[in-house]
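There is one chain below, alone, in structure tokens, taken in the form predicted on its own.
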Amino acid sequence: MVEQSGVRVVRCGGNKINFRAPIITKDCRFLICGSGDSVKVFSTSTEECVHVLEGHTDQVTGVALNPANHLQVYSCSADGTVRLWDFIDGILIKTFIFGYPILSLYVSEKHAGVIFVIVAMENQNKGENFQLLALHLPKVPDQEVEAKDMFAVLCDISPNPGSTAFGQGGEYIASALGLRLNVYFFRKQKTYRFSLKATDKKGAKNAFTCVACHPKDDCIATGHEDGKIRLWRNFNQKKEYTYSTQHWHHNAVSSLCFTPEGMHLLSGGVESVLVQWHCEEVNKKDFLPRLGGAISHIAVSSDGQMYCTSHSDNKINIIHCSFKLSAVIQGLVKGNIWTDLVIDSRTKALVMNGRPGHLQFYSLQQDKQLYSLDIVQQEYIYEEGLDQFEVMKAVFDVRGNWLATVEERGRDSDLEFALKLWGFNESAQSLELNTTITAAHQDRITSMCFSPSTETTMLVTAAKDGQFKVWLLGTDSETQKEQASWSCDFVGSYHGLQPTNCCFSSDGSLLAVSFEEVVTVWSSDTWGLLTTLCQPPGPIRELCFGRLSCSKYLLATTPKNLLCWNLLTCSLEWSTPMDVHLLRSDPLSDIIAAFCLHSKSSNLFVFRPSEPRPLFTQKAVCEGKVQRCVFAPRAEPLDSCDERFQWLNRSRLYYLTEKMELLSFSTQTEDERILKSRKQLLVDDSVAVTPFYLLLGKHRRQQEEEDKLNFMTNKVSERTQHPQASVAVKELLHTPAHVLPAASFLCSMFVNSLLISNTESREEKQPSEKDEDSDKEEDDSEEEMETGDGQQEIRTQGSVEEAPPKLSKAEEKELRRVRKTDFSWVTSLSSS
């Protein structure tokens, strides 16, 4: 990432969670998957991200549970390292430095201390090919250690992780590439090779796409490009092997997976249908359709109770073995982004294209999709070459009450499009379709914007038919209940030219519309043309007004220049030769951000329209062209930022690259704030990290704090018995599981055993409370006596220099009782 002068470019979430197959933990509580250069741990019940395991410096290419400890997970990366994590606490345990980019990772229970990785090997004759290596992990106490002990298992294999699988717990390994299937037996140290013809009699494609091995029988399942599944048997004898063929998928099979007992085989492909094949009954199949995008990976838990599928739309579905969808983990959908990046003022979410025909609302703070809004409201058909509706434009009003969208289908000759207006329903707390305009213009809509004025809700659309139209929100008074409705208030044009851009000033009083090479300025009150601004030849790409102190300026970009006009004098204030392809203004300040392409990389310039000199520049913020960008308001403004980075105080700039990476800028102040907010988890090395330790460790810490408090206050109290010594815990640990009663019966007893009895503490507190009450009453009575006539005032005798003797608590009580004694009888006696 780029780092210069205190500001660095960072990935701000939205990474792929479907790059490699996820894994489900042994207890089915968590799902672990790679996400960019980190590993994410999700809860299978709440769908929330529990931990983000950070440490890799490049793309994570595989994850696998540690066979020796089910609370640990391995991860490999293109940075050439393998890392071992404790995913319960989110702690990095050890780093194995391999030194070469790793493409995939495999583990086996029968190969302790060994992991299998796929790496690229250079070959002068064949170019780049791939090998499967067995890598021995050194057992040393160091946290970072080099792993150099390795040997090659298979050569010339597919880099696709789904094309290699272990069979019968690690007795053999099967790998497919092209039309060849290789099976390597570890005991024999021998490889058997099986091949298919390029096409069969019907002309189908026989190339292998994926492999899965039966966990208990000698059976290998292979998927093929023509959608067929072949079950291979007797492959330990090259001449007597057989296979049977099953066919349901109409396109290539992308993933195969057996259940742990081998009773079922799961398959998936582009149809987005999970198919469950019954191994004993060949013709019996179960289907779970409409799961989302094309299925790319399938994984099964170790007990077979939970399945998960990864999809091309960056989604992971968690499915119960009864074929019921139980949870959905949705990442940022990356595909064709037609709309601009928009911020919803209500949810502060990033809004952009999601699934086909949908808009996704993605939380930048939580790095998760909040929800998806169906704009087209039609079933999407996954077929190549079929024209279907896509969302092309989306814009919110300033309060987030209205959303305007444009959907299109077809090309210029048979173009179909519709303008839809969505209103926010307060009771349902969601956006609902209010108005659909099928003939808003005669040709494609090129730009639209809402007026920032809070007095009226106004939308302007510009199209290739040479007109821009103004739509006003009104109410229908004829119905009993007033219903919001939209109507066209004004239609404008300029010499038959096509409008390309439109935008309002910060107060909504002016509307600027660009007609090819001319910028026109209109009054939003009378819709009269105020002025026209001409510039050097070239079509106008971007158009935006200045804000706050720079609201009198209007900026525009052409393929060769960046222009700034002063609207008070209607003259060109300044211009600079620059190929700016993206121009955005910060809604909370007077800052303008401009991206330009230079030497196959994008540069960023941040400036104020009143000053042609840039406030901040950053070169090579990404490779290629920046596709979209947006300023998002911060939840907590930065107040201790350097003067050069004041533009990052109230808003944060996000931009989308050609590789669909969502990037942003981070300052040193922001990094320090994040580090301070992170909680450091400390684990005692002498105690094994077990579920019981995590459960009872809280009582251990509470007990230590109480002991320290008692020691400081010189209070002698008996220590309460440690919860680990309770009879219920001992019975639960030492009794065989098959003779224990139901968990519901044990739960109350187990929880009660963890509670510390407070009967003794109550008995100790009661007399002390009585003493405190009596002391309080005595103090009150003492104050009353001191405010009296002063007849019963008692003064201590002694010199000033000597300190008064310290009385015990009993002596102080006795002194108070003496003070309360009524000595009036002495006065009456003396008077008589």
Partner chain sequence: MGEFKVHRVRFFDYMPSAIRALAFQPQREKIAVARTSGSVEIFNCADRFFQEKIIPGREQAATEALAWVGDRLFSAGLNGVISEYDLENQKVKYTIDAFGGPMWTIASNQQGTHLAVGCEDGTVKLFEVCEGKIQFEKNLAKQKGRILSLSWHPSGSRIVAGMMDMIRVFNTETGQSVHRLLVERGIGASRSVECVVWGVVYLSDGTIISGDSSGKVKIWDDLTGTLIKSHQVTKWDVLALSVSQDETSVVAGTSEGTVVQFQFLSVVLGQEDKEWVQTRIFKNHTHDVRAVLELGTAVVSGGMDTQFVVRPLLDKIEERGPECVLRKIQFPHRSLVSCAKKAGLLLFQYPGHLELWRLGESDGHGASGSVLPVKRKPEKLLHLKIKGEEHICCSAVSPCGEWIAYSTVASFRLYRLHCDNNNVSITKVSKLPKVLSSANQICFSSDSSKLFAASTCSSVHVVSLSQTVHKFVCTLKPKSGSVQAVHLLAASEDGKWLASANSDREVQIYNLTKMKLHSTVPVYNSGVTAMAIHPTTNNLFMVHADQQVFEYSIEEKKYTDWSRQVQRNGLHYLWLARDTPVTNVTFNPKNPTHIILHDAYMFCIIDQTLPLPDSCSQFYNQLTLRSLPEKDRTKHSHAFKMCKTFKELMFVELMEDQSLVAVERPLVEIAAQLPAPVRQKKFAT
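Numbering follows the first chain given and starts at 1. No experiment lies behind these values; they were computed from the predicted model shown.
Below: the form predicted in complex with its partner chain, not depicted.
**Student:** If contact means any heavy atom within 4.5 Å, which of 349 to 357, 426 to 434, 213 to 221, 454 to 462 contacts its partner chain in the model of the complex?
**Tutor:** It is 213 to 221 that comes within 4.5 Å of the partner.
**Student:** With the partner left out here, check for me: in the model of the complex, does some heavy atom of residue 241 sit within 4.5 Å of its partner chain?
**Tutor:** Yes, residue 241 sits close enough to its partner chain in the model of the complex that at least one of its heavy atoms falls within 4.5 Å.
**Student:** So in the model of the complex, does any heavy atom of residue 87 sit within 4.5 Å of its partner chain?
**Tutor:** No.
**Student:** Hey, in the model of the complex, does residue 617 get a heavy atom within 4.5 angstroms of its partner chain?
**Tutor:** No, no contact at 4.5 Å.
**Student:** Consider residue 345 of the chain shown here, and say whether it contacts its partner chain in the model of the complex, taking contact as heavy atoms within 4.5 Å.
**Tutor:** Although its partner chain is absent here, residue 345 would stay clear of it in the model of the complex, with no heavy atoms inside 4.5 Å.
**Student:** Only one of 599, 487, 283, 189 gets a heavy atom within 4.5 Å of its partner chain in the model of the complex. Which one?
**Tutor:** Only one listed residue qualifies here, and that residue is 283.
**Student:** I need to confirm a contact call. Of 250, 659, 411, 193, which residue comes within 4.5 Å of its partner chain in the model of the complex, counting heavy atoms only?
**Tutor:** Exactly one residue meets the criterion: 250.
**Student:** Counting only heavy atoms, which residues in 173 to 187 are within 4.5 Å of its partner chain in the model of the complex?
**Tutor:** Result: 185 alone.
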